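Just one chain follows, in the form predicted alone, and it is written as structure tokens.
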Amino acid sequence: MSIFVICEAQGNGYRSSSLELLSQARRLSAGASVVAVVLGDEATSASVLQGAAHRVMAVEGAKVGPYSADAWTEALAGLLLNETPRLVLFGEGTRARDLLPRLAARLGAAAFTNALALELDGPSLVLTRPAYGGKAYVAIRCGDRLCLAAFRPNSFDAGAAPVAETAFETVQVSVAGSRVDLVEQRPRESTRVDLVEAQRVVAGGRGLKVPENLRLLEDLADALGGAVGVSRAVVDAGWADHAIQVGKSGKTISPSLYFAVGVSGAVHHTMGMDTAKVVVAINTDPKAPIFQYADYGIVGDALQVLPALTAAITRVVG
């Protein structure tokens, strides 16, 4: 039996969610082989995965360069058919949502997104994911059928003991290529940590009243070394880009600390942050639904609370 983790590059290494999944796979391996898979141009950083897996497989080929759904689906499908792993793990995100269902259809595999936990129950691996808008949780037992699963970032601790020896392999593949020509890639430039993987997130809603007040979120996020998020209402109003929207039709996140500022707490929003470890809600309405999710609540005007909170945190952290 083997557990595969499809790793996604970030900077000169790999996303923290990929490293978390490799760590959890090592904890649960129980004699199984943990295999890290890197593809195309992203294989150049494979050496940083020393100790993270029993095997690191770099998949290369003439048409497996920058990410392409068609080429990567074909390359991974061939690899997985040949290797027959029990479970294939992805970090939740845009790429996983693009790639995972294609692979599942190609391989006839079971597929799950938005998963939160992965545990060993006797000989079986069991994953947990939310259902009914986060009102319930479903435990899914992975049987003999190949299972593909994408997990929210920050779901696992990345500190599991490394393996004693990592074998590095290069797999050459021939694929038909993509039906779409890649003309240009423009990475989003930001000095802040990526929203999906951030440990601390400050999110705002229409309670901030005018778009200029979003800077108050940025000030607090900078003080915390975190990321900024917004509700759908803010995006719909044209105040912020969809790239930082938190919720059902935006990003799904699991930070250690989440500030919900002027956010009412509609189900559409809470589905994207309901697994945050600690939630601080700031709202003028004491009956706002967001307080049902909050560990700490402040009933007050965010335009007065945020500057004071930012100043206090800045004094503490320097």
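It should be emphasised that the depicted structure is a prediction, and the values quoted were computed from it without experimental measurement. Numbering starts at 1 and runs along the sequence shown.
Beyond the structure shown, there is the form predicted together with a small molecule, which is absent from this document and is the topic of what follows.
Student: In the predicted bound form, does Asp301 come within 4.5 Å of the small molecule, counting heavy atoms only?
Tutor: Residue-level check for Asp301: yes, a contact with the small molecule.
Student: Decide whether His54 counts as a contact residue for the small molecule in the predicted bound form under a heavy atom distance cut-off of 4.5 Å.
Tutor: Contact with the small molecule, no.
Student: My question is simply whether Ser264 lines the interface with the small molecule in the predicted bound form - judged by any non-hydrogen atom within 4.5 Å.
Tutor: Contact with the small molecule, yes.
Student: Answer for His268 alone: is it within 4.5 Å of the small molecule in the predicted bound form, judged on heavy atom distances?
Tutor: Yes, contact at 4.5 Å.
Student: With the small molecule left out of view, choose which of Leu80, Ala233, Val171, Cys142 has a non-hydrogen atom within 4.5 angstroms of it in the predicted bound form.
Tutor: It is Ala233.
Student: Among the candidate stretches 179 to 187, 204 to 212, 123 to 131, 156 to 164, which one is within 4.5 Å of the small molecule in the predicted bound form when only heavy atoms are counted?
Tutor: Residues of 204 to 212 come within 4.5 Å of the partner.
Student: Thinking of Gly247, Gly250 and Thr284 as the candidate spot, does the small molecule come within 4.5 Å of a heavy atom on all of them in the predicted bound form?
Tutor: Every residue of the candidate spot has a heavy atom within 4.5 Å of the small molecule in the predicted bound form.
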